[in-house]
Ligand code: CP
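This document opens with one chain alone, in structure tokens, the form predicted alone.
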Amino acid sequence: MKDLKGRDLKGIADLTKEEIEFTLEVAGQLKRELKMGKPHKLLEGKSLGGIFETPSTRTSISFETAMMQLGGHMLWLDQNRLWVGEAAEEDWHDTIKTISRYLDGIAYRAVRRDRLDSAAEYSDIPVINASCPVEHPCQAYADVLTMTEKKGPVRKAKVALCWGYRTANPPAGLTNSTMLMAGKLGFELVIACPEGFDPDMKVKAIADKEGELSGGSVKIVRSYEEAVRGADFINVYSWVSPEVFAKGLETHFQGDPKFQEMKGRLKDKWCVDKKVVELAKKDVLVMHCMPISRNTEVTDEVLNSEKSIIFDEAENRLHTEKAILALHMGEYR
């Protein structure tokens, strides 16, 4: 396995099965050490810059806490601090090249994938994708760690990824990263979504090719019933195409009127409720990456039930990101 130190993490597509499994192993070890009160100052004296172009709760807080627990610190680099974005006074190349001289890594939540790619190209330090329209590797890692903790190795497990209605327009990055995880780690992923909301078919093709070796598979269906039958996990999420998401800052993440009119017709038809959950295995567990549009994506009855593991999933953002940071920025072996 190649050393991850110094490498970017733009997406699951760039990783091997062995690298993913090792990162998850490290995440589990760091989580156990934290619970035992054992310090692990693996990034002492190191700095992570956080560039977030969209709002963030879990990602920003978990990255900041991760750096603190690893002995380093994180700087919040928003548009009020950088001479880019709305200020538009400095070339992106110059900004990234400059902050690379000060920092040891960058966590970047980008509204466009090309911005992430150019940051990685210009930077001399690791750039970690903290979500973009194409991939959300950090959340995909947390999801797999959570599933593994609850039911053991994910190989051959069945995961139903169910699109849920919400007025906002989140990116499809997690959907794409989950497809790649299924292909690389060998689990069955069935995606239920309405027409017009299919994930990236180019990414699915990569996942399908990976699945030929691992036994994983990705299937897209148009009903919850088909997706959840026999499922070990139901993961609920809402997403739109990269093109719609990219307009988010202009429309407060509502999309243009024509798109919203079409999407509005799906309300009340695409919400995971108790009846949907009861179609899966008796021991099925329900996930959501959060933030959740309660009672439009998934009902309170499901979210507040003993089948819900959403807060375990949210906690694991911290542990998986610590592993990512330690491996990509540090000397962890």
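Bear in mind that the values here come from a model prediction, so they are computed numbers and not experimental data. Numbers follow the displayed sequence, beginning with 1.
If you look for the form predicted in complex with ligand CP, you will not find it shown, but the lines that follow are about it.
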Check: Can you check whether K307 is within 4.5 Å of ligand CP in the predicted bound form, heavy atom basis?
Finding: no
Notebook entry, point to check: Do R58 and ligand CP share at least one heavy atom pair within 4.5 Å in the predicted bound form?
Noted result: yes
Check: For M290, is any heavy atom within 4.5 Å of ligand CP in the predicted bound form, or not?
Finding: yes
Next item on the list: Report yes if any heavy atom of T175 sits within 4.5 Å of a heavy atom of ligand CP in the predicted bound form; otherwise report no.
Entry: no
Checklist line | Contact residue in the predicted bound form, from K204, K263, K184, R109 (heavy atom within 4.5 Å of ligand CP) | finding: R109
Check: Between the options S238, T146, N235, Q139, which residue brings a heavy atom to within 4.5 Å of ligand CP in the predicted bound form?
Finding: Q139
Check: in the predicted bound form, which of the stretches 282-290, 38-46, 265-273, 64-72 has residues with heavy atoms within 4.5 Å of ligand CP?
Finding: 282-290
